[in-house]
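What follows is one chain in structure tokens, specifically the form predicted on its own.
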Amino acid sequence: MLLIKGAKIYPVIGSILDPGMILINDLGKIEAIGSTIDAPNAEIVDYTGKVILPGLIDAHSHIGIWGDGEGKAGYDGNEIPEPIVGKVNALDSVNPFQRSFAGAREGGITTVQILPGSGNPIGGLGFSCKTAGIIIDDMVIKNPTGLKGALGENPKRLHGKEFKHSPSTRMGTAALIRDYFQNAREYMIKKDEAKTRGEYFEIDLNLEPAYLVLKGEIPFRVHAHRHDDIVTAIRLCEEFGINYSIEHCTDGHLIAEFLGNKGAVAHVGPGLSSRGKVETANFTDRNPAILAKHGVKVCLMTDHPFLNCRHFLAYGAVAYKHGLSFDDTLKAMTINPAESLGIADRVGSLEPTKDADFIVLNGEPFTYTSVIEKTFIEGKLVWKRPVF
């Protein structure tokens, strides 16, 4: 048993504890949390004067699959030139020894959703994992956590311009996605009928992910920056009655009331970035605050390497500075993504029975003077700020 005491603790779910205590069992789970805990036989670590947050959750990342420090030889995020590749899974690309995992731990990120890139209208499956480990299979929390799709400039450029095949327009991209889910709906009917009759059914690996989406087991995670692409994403998802999240949602602030009425989930980011494409011309740091004000569930994300995961907490500080409340900022980096990824039973807040994933800061979060001093995953120290 390990007893953490003395720190100001933000559990996210529940009241702030100042000071508070966390009791961690030998399995790396939170045994108890509160103002006082009686644990006479526990090892005690005193963090008086420090601040503790739950481990941060990056809702959308490409760590381990995007050649961080490796160049193009490590670019394993987009399976091309086919535009529809539901059968691939980001899990099969991840290199857990890549330096990006160490960067994530330095940034206080203990859990990530790793997704394929946005080059394909249907890009494959994503999954969630911890950011410490050697064997990626042992790091997985949930696989899969969603099917990646993409609208807008990326599929048009990659397929229409570079490979000279469909899609070359926004309507072509939407048509391919619609066709994919229509085929999957017919596939689902046949598969379910065969299962009911106890008959053999030939599995189509490219349609199986869509089957999971149509059954409501995983959401469709749609890359969409521009406001019209966001609306198209929702139109497509409503046609097929599927759950979804809008990935990036850069123009969300322009249609925030619409998104709030839809009950949308938005994985917003990367922040601290330039307007590098036509479809990001309306980028504003106020986007998370405006979306949250209109009832959108906001989850911040790095899209690493496009925002280096080492600076995730700084992105939260910028969102807070530009109008997102303190509580909503903290939730957007912890419990909201945990709920969106379907892993809130294990991570996202500091509560009994959950994983003991937390970070130790030398001051209040979202201030320029505060730094992460230590990162813990399942009760084990996985990163410590070097002393120079």
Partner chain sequence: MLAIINARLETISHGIIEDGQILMEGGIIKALGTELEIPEDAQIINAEGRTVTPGIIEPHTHIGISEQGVGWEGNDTNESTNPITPWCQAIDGVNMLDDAFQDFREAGITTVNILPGSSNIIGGTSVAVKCKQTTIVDDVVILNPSGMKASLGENPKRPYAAKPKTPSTRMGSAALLREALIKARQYLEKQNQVKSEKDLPKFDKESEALIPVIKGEIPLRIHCHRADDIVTAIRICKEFDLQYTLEHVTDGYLLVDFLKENAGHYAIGPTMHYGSKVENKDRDFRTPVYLSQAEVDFTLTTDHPVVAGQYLILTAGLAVSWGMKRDAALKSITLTAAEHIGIQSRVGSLEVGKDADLVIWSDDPLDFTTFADITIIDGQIVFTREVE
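Nothing here was measured: the structure is a model prediction, and the numbers come from that model. Numbering follows the first chain given and starts at 1.
The following text describes the form predicted together with its partner chain, which does not appear among the structures shown.
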Though its partner chain is not shown, can you say which of E217, D285, E239, D192 has a heavy atom within 4.5 Å of it in the predicted bound form?
D285
Name the residue from P305, G260, G119, P167 that puts a heavy atom within 4.5 Å of its partner chain in the predicted bound form.
P305
Is G198 a contact residue for its partner chain in the predicted bound form, using a 4.5 Å heavy atom cut-off?
no
I'd like to check something about H294: if you look in the predicted bound form, is any of its heavy atoms closer than or equal to 4.5 Å to a heavy atom of its partner chain?
no
Any non-hydrogen atom of R275 within 4.5 angstroms of its partner chain in the predicted bound form:
yes
Does its partner chain get within 4.5 angstroms of any non-hydrogen atom of Y75 in the predicted bound form?
yes
Quick one: which of 345-353, 42-50, 28-36, 315-323 gets within 4.5 Å of its partner chain in the predicted bound form, going by heavy atoms?
315-323
Residues within stretch 350-383 having a non-hydrogen atom within 4.5 Å of its partner chain in the predicted bound form
F366, T367, Y368, V371, W383
